[in-house]
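Only one chain comes next, encoded as structure tokens, the form predicted alone.
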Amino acid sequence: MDRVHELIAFLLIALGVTVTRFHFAPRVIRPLVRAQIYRAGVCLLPMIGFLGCALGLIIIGQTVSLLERVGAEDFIGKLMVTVVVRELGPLLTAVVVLARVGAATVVELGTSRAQGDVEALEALGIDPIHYLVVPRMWGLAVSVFALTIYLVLTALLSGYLFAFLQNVPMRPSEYFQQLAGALRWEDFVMLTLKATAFGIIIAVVTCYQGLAKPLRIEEVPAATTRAVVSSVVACILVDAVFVVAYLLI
């Protein structure tokens, strides 16, 4: 429970630094944010594209084919929106970003902390939260959101392609009309909030495990494991909150 309180306090500190120092050293911070977006977003486009195609071919295409066989074609749009847009898209994207970028963040920051680099920044009058955490937090938030949109679109398109190859008698216009009919404005808002929240969670948890407490070099792998597990648990809990919000809307 104490660790939860520390994480929340770390998040509030990072948000407070973002607000109070929003216009401070923009020529330094903005390139760092862009670098994080490139690292956690652009560099992961091939992997997310492959994952979206796999999701569409393996799950969506077979689901469309099965619903067509049992005469439940009218539920295709609603099922795709519920499974892909609301749940699998944001969660799968967050897991990929956590595995490829989040774990590396703990190693980088934990090693820097163990070698005394963070104390050196403080001695130079540089706020480590502003310089190390804020760019990662907003860079990952933007990256997870953009990659989620990319994965969802790829999955929906490749899913219909697989269904088409299985000779499912559904025209593209009918398929996309069902998707458009199943989408509500709440879905766009919730998707944006959920994906952004996942990115912030991953950044805050990994930065906390790497920076919040003094580490020795041999303790960095254990901190990385804790960060991955804590990020997954936190994302699932936040996802459960959004599920409840969907039910209440």
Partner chain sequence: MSATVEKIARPPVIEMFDVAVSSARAPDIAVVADVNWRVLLDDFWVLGAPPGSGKSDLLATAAGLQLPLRGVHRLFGQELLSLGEAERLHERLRVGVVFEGGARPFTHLTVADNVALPLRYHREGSEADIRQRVEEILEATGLAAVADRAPAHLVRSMHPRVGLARALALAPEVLLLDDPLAGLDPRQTRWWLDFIGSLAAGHPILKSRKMTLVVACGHMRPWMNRGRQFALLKDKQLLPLGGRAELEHCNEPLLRELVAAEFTSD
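Positions refer to the first chain, counted from 1. All of these numbers come straight from a predicted model, not from anything done at the bench.
Below: the form predicted in complex with its partner chain, not depicted.
Its partner chain is not shown here, and in the predicted complex it never comes within 4.5 Å of any heavy atom of Gln177.
Proximity of Glu87 to its partner chain in the predicted complex falls outside the 4.5 Å heavy atom cutoff. Put simply, Ala25 is close to its partner chain in the predicted complex: some heavy atom of it is within 4.5 Å.
The shortest heavy atom separation between Ser173 and its partner chain in the predicted complex exceeds 4.5 Å. Candidate site formed by Ser112, Leu121 and His130: every one of these residues places a non-hydrogen atom within 4.5 angstroms of its partner chain in the predicted complex. From the list 130 to 138, 77 to 85, 148 to 156, 99 to 107, the contact stretch for its partner chain in the predicted complex under a 4.5 Å heavy atom rule is 130 to 138.
Think of it this way: in the predicted complex, its partner chain has a heavy atom of just one of Leu161, Val142, Leu91, Ile126 within 4.5 Å, and the residue is Ile126.
Contacts between stretch 8 to 22 and its partner chain, counted in the predicted complex as any heavy atom lying within 4.5 Å, involve Arg21 alone.
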